[in-house]
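Take a look at this single chain in C-alpha cells; it is the form predicted on its own.
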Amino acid sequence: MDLLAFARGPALTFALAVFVLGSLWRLIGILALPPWRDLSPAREGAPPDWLAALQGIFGKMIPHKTFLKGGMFAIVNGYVFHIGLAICVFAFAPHILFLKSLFGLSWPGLPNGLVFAVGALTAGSLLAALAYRLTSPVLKLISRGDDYVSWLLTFLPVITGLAAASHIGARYETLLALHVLSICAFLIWFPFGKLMHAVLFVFSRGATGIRFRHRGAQL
C-alpha cells in the first residue's frame, strides 16, 4: 500500500473514528455533569435562560471597547485565521466533494484561486499568531504544550494544502498524502486538546451568559 492509499484509507478512517468518539466522550462528560443551581432570585428584568445563553454566545463575538486598545492585533488576527480556516475547509471544491462523500450534502464552492489566496493569508495569520504568542510576555507565560501542539496541527493542513495545490516540493501524490495525514493528526488531537474549544465555547459562553444576566450584568 502506497502512502496516499494509506492516508486516504486506514489513517483517515481511524482519525475520523477517534474524532467522532472522542468528541462524543467530551460532550457526554460535560452534559452529564450535575446542573448548576443558582438559589438566589434573578434580578428584575433578567431575560429567560435561553436568551441569556444566546447573548453570552454571540454578544462576546464583538469584544468590549475596553479590551480593544491593548488587544486589537490579537482580536483582528484571530478573526482572520478563524474565518480563513472556515473558507478553506468549507468553500474549496475538493473539500466539498469529500464532505459530500461523508454526509451526502453539497453546496457551491468558491473559485480555487480565491481559496488559495485565502489559504495563504490564513497561513500568514497563523504564523503571526505564533510570533505574537512567543513575544508577548503574558501569553508566553501562560502558554503550555497544548497551545503549541494545537497551533502546529492547525498550521500543517494549511501549509501542506497550499503545497499540494501549488505542486511545490514533491510529487503531487506525495504532497496530497502529507496533506491528508496532517488532517488525520488534526482530527485525532481535536477532542483532547484546546482545539475542542471550537465546540465547547458554546457551552462556556452560554453558561456565562446565563449566570451574568441572572445577576443583572450587561453583556
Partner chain sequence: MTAKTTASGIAYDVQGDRPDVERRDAALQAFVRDFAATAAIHMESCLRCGMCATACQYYVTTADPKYTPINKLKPFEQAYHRHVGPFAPVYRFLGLSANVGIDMLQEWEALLFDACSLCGRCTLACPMGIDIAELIKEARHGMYMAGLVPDRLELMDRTAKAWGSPATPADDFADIIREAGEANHVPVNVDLPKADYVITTAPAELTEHTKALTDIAKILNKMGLNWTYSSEGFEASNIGYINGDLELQEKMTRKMIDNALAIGAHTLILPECGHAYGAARWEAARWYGKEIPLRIIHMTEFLGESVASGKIKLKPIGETATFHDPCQLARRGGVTEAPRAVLKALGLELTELQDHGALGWCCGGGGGVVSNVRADPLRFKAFELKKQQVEATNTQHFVTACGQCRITLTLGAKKFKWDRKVESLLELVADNLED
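Everything numeric in this text was worked out from a predicted model, so none of it was measured. Positions refer to the first chain, counted from 1.
Beyond the structure shown, there is the form predicted in complex with its partner chain, which is absent from this document and is the topic of what follows.
Trainee: How about I168 - does it come within 4.5 Å of its partner chain in the predicted complex, if we only consider non-hydrogen atoms?
Mentor: Because no heavy atom of I168 falls inside 4.5 Å of its partner chain in the predicted complex, the answer is no.
Trainee: Heavy atom to heavy atom, is L31 within 4.5 Å of its partner chain in the predicted complex?
Mentor: Yes, contact at 4.5 Å.
Trainee: Hey, in the predicted complex, is G45 touching its partner chain, heavy atoms inside 4.5 Å?
Mentor: Taking the distances in the predicted complex, the answer for G45 is no, it never comes within 4.5 Å of its partner chain.
Trainee: Taking its partner chain as it sits in the predicted complex, is W50 in contact with it (heavy atom to heavy atom, 4.5 Å or less)?
Mentor: Contact check for W50: no, nothing within 4.5 Å of its partner chain in the predicted complex.
Trainee: Could you spot which one of L105, A86, I142, A131 gets a heavy atom to within 4.5 Å of its partner chain in the predicted complex?
Mentor: Looking at the other structure, the residue within range turns out to be I142.
Trainee: If we check its partner chain in the predicted complex, which of the residues in 75-98 reach within 4.5 angstroms of it by a non-hydrogen atom?
Mentor: The stretch 75-98, when checked against its partner chain in the predicted complex, contributes only I75 at the 4.5 Å heavy-atom cut-off.
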